[in-house]
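Below are two forms of the same protein chain, given as structure tokens: structure 1, then structure 2.
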Structure 1
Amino acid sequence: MKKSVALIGAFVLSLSISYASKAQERKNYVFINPSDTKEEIIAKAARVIPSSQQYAWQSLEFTAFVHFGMNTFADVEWAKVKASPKIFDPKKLDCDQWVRVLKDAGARLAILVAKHEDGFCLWPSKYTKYSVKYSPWKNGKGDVVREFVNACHKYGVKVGLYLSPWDQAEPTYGTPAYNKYFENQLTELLTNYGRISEVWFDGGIARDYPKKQVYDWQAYYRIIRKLQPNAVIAIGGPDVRWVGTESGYGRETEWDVIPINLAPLTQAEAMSMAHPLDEVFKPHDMMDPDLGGLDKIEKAKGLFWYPAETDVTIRPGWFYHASEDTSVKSVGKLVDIYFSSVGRNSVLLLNVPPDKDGLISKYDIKSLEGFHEVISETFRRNFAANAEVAIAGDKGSARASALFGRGKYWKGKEGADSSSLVFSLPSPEKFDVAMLQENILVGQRISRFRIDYWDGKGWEKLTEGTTVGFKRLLRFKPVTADRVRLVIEDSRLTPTLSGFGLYELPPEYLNLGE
């Protein structure tokens, strides 16, 4: 499917610079009519845009998860029996330390597990006796959620909360009364702790668990939309999807726009609702290797913007275990994960679990510090920042700094099959990383691209890829060159580019899989 990009005639390049508009009239979902042709469906998919809270979330790029609770003290990942609150006593708990460490590593939002699957609440919920209130910690006067939120505010880190729908402690679980219990807890968390930017609903439950709960998702979503309208609802919710693994590695081809299942509503019913997506959304399987390819969207009744979040833990387990101190992921592994999550059009959610004292351990801090140093050093200098950019078919050229940044982006012209942009650097540079960004505020479009470099005699291929989205990072064998060509080979609609970069990653972190 080829579209767009002006290659024809005399065209002054500066005219192709566009300014990001809010594009508010467009939505993060679209319905497909039975009469729509394949071309019309593709164009529709290319025009779906993120909601404002989805865009704000995507721009965070790197976020952190904090698993801390009964499992920390029982030294297990999944408790078989309800552990007594008496074991919860983090004597040196210091949420400032957590948030400082996470912020120093580059995380811009942190999600605290307020209640994990065992049902133990890290805040003194009015609705249960299974909480910090019944623990020896601070003589039952403590509130981890409060301390966490205060620390996030202090350090300017956004707040997210994980509230497990599965609850092994609550006696009403498995009956309609549990929905009310869950709604009450959600209301407590979303009312008493200031602005919450992400609400995380885990889909996990033991396969053989005897009680089956029919969750009232729509009621939960209504509460969140009302109390925290700027929050995204992740995983068991309509704003952010699970990437499909817990490895830290996203898909090479990652479309943000994927089919929505309308059943049991008709399109007319869905359209008459204030928040159709919330009404029709049902948590579903996200493990398919391709969620938004042509074959998928062609058969869809509706499409929606549903971006990927890549969650992974820095240790083998989600909770702290002293026995895993020597298995903390290395700097190299974290760097590889960053390139394979942030660099594959998803947001990285990295779990860093505090220990029994209530502190992040020195082992995790060491890896995080090394990781941050590599990432910040690598992206400090973009060799293409001051490049002169010439676009095939256009007269003249423009500075990359005039094309990209502060809401500016390049947009191709309708009607051409392909497009190429040649970046001439002020001087030859050695680089091994390329970065591409599309302006997703108008939609995700690029479906195949290639990057070449000029070796003095001709163009040589450096790397290639499929989707771009918010950000695409590619690593390749280092080259020294002063000219690089981006060829957009295929795009669902007029392609856009809101960022282009060339960087040098130290060779020990390249991991080219050889």
Structure 2
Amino acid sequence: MKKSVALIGAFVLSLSISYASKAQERKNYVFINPSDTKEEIIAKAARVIPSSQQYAWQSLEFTAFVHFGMNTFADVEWAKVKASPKIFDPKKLDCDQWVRVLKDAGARLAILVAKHEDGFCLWPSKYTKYSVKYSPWKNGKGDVVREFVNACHKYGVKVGLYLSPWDQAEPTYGTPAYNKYFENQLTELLTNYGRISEVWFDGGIARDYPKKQVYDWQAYYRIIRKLQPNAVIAIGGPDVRWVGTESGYGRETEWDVIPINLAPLTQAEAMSMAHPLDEVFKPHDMMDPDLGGLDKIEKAKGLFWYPAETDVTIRPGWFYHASEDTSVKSVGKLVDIYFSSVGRNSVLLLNVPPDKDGLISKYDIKSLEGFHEVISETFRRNFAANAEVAIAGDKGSARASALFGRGKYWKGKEGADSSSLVFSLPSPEKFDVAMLQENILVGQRISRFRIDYWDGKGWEKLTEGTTVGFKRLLRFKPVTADRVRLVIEDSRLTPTLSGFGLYELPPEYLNLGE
């Protein structure tokens, strides 16, 4: 018996690899040489890994957006004219309430729109008179950014800030001088408010606007890396990309490793730089249905780790409008969005806009509370947590709890791009949700899989999918079974698995609707 236990212990130990030792060998980008074969390109793609900042960000899974500013008080989505600072006066503003509501909903990071495209600043910037300093709110002594950051720190929520590159109020916009103005404001935000975990830029595209600005993106990135080295630069930056839609629905096939043109740099130059991607990256739309498939990476000059953020607003608009109080997304819709964003290898960014009083409305709170209840109840119990796992080609089995969690993960046989794992549950269970996770710290690899269940006579297909990445969630008609088989049909190099789960949605969810 002792010998058997020792063998199982050795087996489990062999499945666990230290990220620290591998991090020295791999980076979040790779050059593709003209002479590289198809097999060599696939192998290179499989070994690209996230930076430590990117991995920390992807682990958040669910984050929140807070659109609040001049548009809230002008009751518009997009400013057409410069509104007077005199209309900005949130008499009951309570950032503690914002952050409590967002944290209670499950958000682990919150991003405040510190300046939208109208140019109005929610902090008393010394570089403009278009800010809270010139509003009646707190007699010009207020600072929304400060109160927001303090609330996030108080409740243990990470801080993100959005600073719009497009600025309709600043006279220098459209000239080289604007870049310095923008850099000054960026420096204010990244110097005076403690640790910032995400800096969010849109592409700065001023559609139907007479002034056009050439943005100095590389200068912006250098400021962020210097002042907030642990922050990710999102959307208009090289760390996090826009999923390509504001619906809340990500791709069925979502690769984190996608093409980039590294040609302006040599490999030697890149190796000598702390952030080589910053020097070649320019914001661009990425809306194809499959960004990192084989047909895309085969033509690439380089590849980099560029995970997706899926943004959506809880209301029709991004800013609060009283007329939309009856149009807040339902609990069922929010749950569906969660499965279609977090469940498709992306981070959900849900916008919840405060009203003119400076409070999140009761309508939004009701939907958020219901959403959190469903998600919490669904993932309260993993029926596969104590399963015995038999792996094709291996003798014996191991408990799922010994294979996954606390830095452990399963790795297939070296050189094999497919595998099969059978999970035997302690007893028959009813379930309708499956969860898979790869160990992305060694790369994203799985490209096709299916899940079968034993119906008492044979294996029946339950569901199937393509990419996994950090997390993949699948829903299906409820089944009751005590054996489930995960078949990894294709993978870039040896597949890995850092988590597997079977869950049941609460029965009342079926009546929530969308």
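Residues are numbered by position in structure 1's sequence, first residue being 1. So that the term is clear: the rigid core is the largest set of C-alpha atoms that superpose within 1.5 Å between two forms. This is a predicted model, so every value here is computed, not measured.
Trainee: Specify the structure that is the form predicted on its own; exactly one of the two qualifies.
Mentor: Form predicted on its own: structure 2.
Trainee: Establish whether a shift of 2 Å or more occurs at the C-alpha of G204 between structures 1 and 2, with the two forms superposed on the rigid core.
Mentor: Yes, the C-alpha moves 2 Å or more.
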